[in-house]
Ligand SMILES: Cc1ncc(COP(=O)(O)O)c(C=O)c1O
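Just one chain is shown here, as structure tokens, and it is the form predicted alone.
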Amino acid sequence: MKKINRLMHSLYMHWAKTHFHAKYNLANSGLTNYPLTGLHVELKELELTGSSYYGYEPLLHAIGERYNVTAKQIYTTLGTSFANFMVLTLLFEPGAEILIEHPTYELLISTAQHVGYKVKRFHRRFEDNFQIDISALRKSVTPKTRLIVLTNLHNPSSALTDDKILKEIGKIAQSVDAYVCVDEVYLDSAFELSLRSSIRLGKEFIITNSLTKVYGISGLRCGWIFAKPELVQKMWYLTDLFYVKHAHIAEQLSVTAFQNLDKIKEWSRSILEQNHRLLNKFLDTRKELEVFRPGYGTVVFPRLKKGNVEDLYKLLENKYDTAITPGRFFEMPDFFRIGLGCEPSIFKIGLHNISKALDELRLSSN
């Protein structure tokens, strides 16, 4: 039997857990914490333990009502990353061929490598505003392809993949009897576009999502998967190997969060709209950067036209107490990711610190 070399950790997650301590944290891709008081929940309404072995019914109902899916199509889990892990672990045997976008969230790659898949890539080019080239994708798919994986909104650029392109990807997947996994954890931050989950586009689609990024409720770890019922049932059975059930109090609070989600969404929109305005003013003055500006989303992905991103990152961290995400975690070392989810006052100072660091690096290179 051929030995599978399993990757046992994520370089990005190790970095994130040890470098997200900066005062001006522009590396975080999600919204700052939503206050617990905003949920207007009383302690007497909560219980430490409850019946929720294969899904907590009120939470399944809340998710289903929000996204127009049935309870049998929903598997709830601990955030989007674990949802992605479940999809990648469940579907195929080690050695199966899967196709993942480039650049992408590092954990998708490291998880696939851990499972032992043969990972191929399709490219989303900066010159095309990180849109998916359907012709190139079609050429990358083979009869051995079992899964196509993408993020929407795209991480790290926030580029939107619209229904027309997604339908074409679905047809390509159908032609080789493959699935399409779409990580939609950032999708709700494209507020004005009134987007719907792509689960409705066909049975070949599998969707992962959570409340962690757009709504500032990361601490509840409320994540989910949409898939056809037979796959969801397999996921629940696979969960038995990991844990008995979710933290009941977190599921109760997640139901309360869904009841308040429209209000929370307006809070999120207010922060992101302010920060996008600040970002545009910053980018207008920085000619050494070029960037696709979608106008929505929680992240942007500038390219440094001259100089070294690692030098910028280290200077920001060591001198300015400011964090950005180096592009090496997305296999794009000339780029860096800026998160727009912190409080506007923090974001403004963080951008100012990036400007000072860029000026300092430019002067030192002359």
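Note that the structure is a prediction, hence the values are computed from the model and not measured. Note that residue numbering begins at 1 and tracks the sequence as displayed.
Just so it is clear, the following notes concern the form predicted together with this ligand, a form of the same protein that is not shown.
Site residues 158, 190 and 268 are none of them in contact with this ligand in the predicted complex, judged by any heavy atom within 4.5 Å.
Of the heavy atoms in residue 183, some are within 4.5 Å of this ligand in the predicted complex. For residue 81, a non-hydrogen atom is located within 4.5 Å of this ligand in the predicted complex, even though that partner is not displayed. Proximity of residue 29 to this ligand in the predicted complex: non-hydrogen atoms within 4.5 Å are present. By the criterion of a heavy atom within 4.5 Å, residue 252 is excluded from the residues contacting this ligand in the predicted complex. In summary, among the residues 275, 76, 210, 198, the only one with a non-hydrogen atom within 4.5 Å of this ligand in the predicted complex is 210. Of the candidates 246, 124, 221, 146, 221 is the one whose heavy atoms come within 4.5 Å of this ligand in the predicted complex; the others do not. Looking at 285 to 293, 131 to 139, 199 to 207, 81 to 89, the stretch with residues near this ligand in the predicted complex, meaning non-hydrogen atoms within 4.5 angstroms, turns out to be 81 to 89.
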